[in-house]
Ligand code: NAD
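Below you'll find only one chain, the form predicted alone, shown as structure tokens.
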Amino acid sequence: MALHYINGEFTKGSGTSTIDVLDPASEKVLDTVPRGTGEDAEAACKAAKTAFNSWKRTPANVRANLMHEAAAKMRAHKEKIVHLLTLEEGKPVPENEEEFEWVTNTFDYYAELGRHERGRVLPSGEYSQLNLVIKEPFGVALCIIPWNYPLLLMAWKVAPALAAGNTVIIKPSELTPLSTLYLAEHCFDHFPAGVINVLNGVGKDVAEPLVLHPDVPVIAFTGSLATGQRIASLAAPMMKKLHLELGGKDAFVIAEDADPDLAARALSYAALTNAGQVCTSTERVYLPRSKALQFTEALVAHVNSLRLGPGIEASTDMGPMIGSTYREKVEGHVAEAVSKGAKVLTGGRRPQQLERGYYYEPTVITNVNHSMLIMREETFGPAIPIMEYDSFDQAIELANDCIYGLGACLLTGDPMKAKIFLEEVKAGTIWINDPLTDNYAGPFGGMKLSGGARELGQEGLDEFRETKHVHWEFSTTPKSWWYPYGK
């Protein structure tokens, strides 16, 4: 049984209940982890708070070397980490190899960025003064990680938090804790005790006590809007620093000049990577009415060529979904759309040839509109709903007609359309001709109900630092404007 990692040691904790971790491709139990309690949360918090006192004073060069060492250890364990990711999360090995590269490089990136600067010097009002802006760590950062990218989204939070001088408590998803615990055992063991802690369990048992804990000033969370709103409501009275990335309903607009075959490949990748279980997955597609038939035929042909199966198999293009509840949500969205007149062109069912596992066929559906759940709510599965537009201005209006604003894609060779799109669409990331590609130095995050947090880049580091202004007068003589005013 895998255990909690608290204060540099593995422990069963105080609870008696356990959680089975399943392989979504076979529904078999991979391992069990202890179901943490409020007492375990308190122990993790105490360890992280105690470690912070020395970690914040650790020279940036030393912190950087420790982070580089973590990345090096991960690379030494690459085969095992990728294998474990594939088993517990389900996506194909090539996608997990990409996730692995992001994790190691994120640690290396923030190791260097963390020792680059700590603030800035301002022009002073007087020659005898010095004005400084100092950026300081908050303290203990609670990092609540989702199951769809259990290591990547951990690294995007933990690496900048550590580089800034914070200590961390990682709460992995109860669905995918094993790869994170493996890192704790083999790749984080050289950090001082208490700097990195991993706490298993469900949110209400361990995350909520930490959200409410007075010694946890920062909560970094990626997940659903409803959970993010719950965290915000609990943390608001204490005015905590919230770092919330709350999902999306990303639009993909295809312009008239786009090549149908290229569009089919780009769109399939954007919508079906990780079986559509990505916060930036394409979940709404807008095609020009004049060429809709060409585009849909090319898309259906390409989707039908994809191979569905266990992620561990080399021939697999798309793996299973993470669990039955998530698959049922996709089925509900498709069924509701069909009941309102939508048409399924391919997919729309569980594959008959795969008896076990949480599989759902990649689905292309047309004749949709914004009254349907599949165009309004986050589906988070392998569905590609297509709506036609008559003008590019209308396409932009449709793209903006959403409560979320995480990302948006455009496929075009027309620079004027690209300029209009990047300026008018309300989303945190705009992809033009290269969907779902990120940059270590480019901030990632959303607008509107997707949340205002930013990960990666300088902005990702600053999310875990608070700003202090220092006004230093070297002279000790009284100022002319001090009391008394009367002469």
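Each residue number is its position in the shown sequence, starting from 1. It should be emphasised that the depicted structure is a prediction, and the values quoted were computed from it without experimental measurement.
Quick note: we don't show the form predicted in complex with this ligand, though the next part is all about it.
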Inset, instruction - Could you tell me if all three of 145, 208 and 326 have a heavy atom no more than 4.5 Å from this ligand in the predicted bound form? - result: yes
Inset, instruction - Report whether the minimum heavy atom distance between residue 196 and this ligand in the predicted bound form is within 4.5 Å. - result: no
Inset, instruction - May I ask you to state whether residue 185 is within 4.5 Å of this ligand in the predicted bound form, using heavy atom distances? - result: no
Inset, instruction - Find out whether any non-hydrogen atom of residue 204 is located within 4.5 angstroms of this ligand in the predicted bound form, and reply yes or no. - result: yes
Inset, instruction - Spell out, yes or no, whether the shortest heavy atom distance between residue 222 and this ligand in the predicted bound form is within 4.5 Å. - result: yes
Inset, instruction - With this ligand left out here, work out from 304-312, 352-360, 113-121, 226-234 which stretch has heavy atoms within 4.5 Å of it in the predicted bound form. - result: 226-234
Legend entry - Single option in 162, 154, 409, 246 placed near this ligand in the predicted bound form, where near means a heavy atom within 4.5 Å: 246
Inset, instruction - Quick one: from 191, 380, 109, 389, grab the residue that has a heavy atom within 4.5 Å of this ligand in the predicted bound form. - result: 380
Legend entry - this ligand in the predicted bound form - contacting residues of 259-284, heavy atom within 4.5 Å: 279
